[in-house]
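Only one chain is given next, in structure tokens, and it is the form predicted on its own.
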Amino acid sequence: MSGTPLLQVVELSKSFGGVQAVNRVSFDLHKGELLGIIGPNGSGKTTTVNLITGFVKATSGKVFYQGRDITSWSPHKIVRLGISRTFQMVKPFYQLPAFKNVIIPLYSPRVKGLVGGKYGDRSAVALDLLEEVGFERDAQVAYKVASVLPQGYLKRLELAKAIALQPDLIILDELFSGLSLAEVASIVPIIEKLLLEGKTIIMIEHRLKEVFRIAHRVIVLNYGRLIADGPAEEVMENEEVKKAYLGSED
């Protein structure tokens, strides 16, 4: 995790009217690293990710990926460069079977470019990806329309769609939200496997225990500002972080 950062966020800011949602946030991310982004509700976590992935335009500051300035790029160009993401609120094509949801990103310019336009049987690839994230191969769940799937499977489907794009950087926005402890425990090894395969990961999470278990590093946002950056155990000893989560005694 040494050398030139894969991602650099430099003095990034975003205002919505008079509200400063993100306030001069800066951090680096290195290849192979898992970075956790935590903070109280409304601290600017998802807005920061939306700025990185082009869904929101920055008021000021810069985002560099592999040395390129991608600050003003559109989401589809950023995906093509190698960044994929999941969404806090799942966004499947509800009337399509789960496996067909995964086939769609397999037709993306990113994937076509990586495989030279020759992917073979995309249905088989989609089923393999769903099995990789925890869909049982012989249980027919992959063939059910997304609208009937429970939350645990919808979250796994979000992850499969992100992986299907063959990204170098995957951003997971509250992937564990709404899941049981058993469901979270079954997904953690999937994330660890992605790291072993060389992926770089950002996780926004409120489930602190789970993200601390696998994160190499954690940053904490509060009222749009970055207030701590470092190993989880050090970050949670930070007095400003304690105040953000527990409140002041004054």
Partner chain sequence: MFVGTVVYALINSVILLLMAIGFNLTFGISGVSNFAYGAFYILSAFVTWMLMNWIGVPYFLSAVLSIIFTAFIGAVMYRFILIRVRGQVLSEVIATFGIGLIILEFFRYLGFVGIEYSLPVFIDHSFVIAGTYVDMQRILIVVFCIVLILLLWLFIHHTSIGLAFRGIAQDERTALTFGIDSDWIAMLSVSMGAALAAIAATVVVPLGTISVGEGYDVLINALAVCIIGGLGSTGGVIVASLVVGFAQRFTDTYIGPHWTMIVSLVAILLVLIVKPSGLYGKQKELEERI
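Positions refer to the first chain, counted from 1. On a predicted model such as this, the values are computed, not experimentally measured, just so you know.
There is another form of the same protein, the form predicted together with its partner chain; it is not shown, and what comes next is about it.
Trainee: Each of R207, Y223 and P231 near its partner chain in the predicted complex, meaning some heavy atom within 4.5 Å?
Mentor: Verified in the predicted complex; spot residues all out of contact, no.
Trainee: Residue-level question: is S108 within 4.5 Å of its partner chain in the predicted complex, judged on heavy atoms?
Mentor: Judged by the heavy-atom cut-off of 4.5 Å, S108 is in contact with its partner chain in the predicted complex.
Trainee: May I ask you to state whether R137 is within 4.5 Å of its partner chain in the predicted complex, using heavy atom distances?
Mentor: No, R137 is distant from the partner.
Trainee: Applying a 4.5 Å heavy atom distance criterion, does I104 contact its partner chain in the predicted complex?
Mentor: The answer is yes: I104 has a heavy atom within 4.5 Å of its partner chain.
Trainee: Consider F212 of the chain shown here, and say whether it contacts its partner chain in the predicted complex, taking contact as heavy atoms within 4.5 Å.
Mentor: Judged by the heavy-atom cut-off of 4.5 Å, F212 is well away from its partner chain in the predicted complex.
Trainee: In terms of non-hydrogen atoms within 4.5 angstroms, which of the given stretches 176-184, 81-89, 147-155, 126-134 touches its partner chain in the predicted complex?
Mentor: It is the stretch 81-89.
Trainee: Using a 4.5 Å cut-off on heavy atoms, which residues of 149-181 contact its partner chain in the predicted complex?
Mentor: If the 4.5 Å heavy-atom criterion is applied to its partner chain in the predicted complex, 149-181 yields K161, L165.
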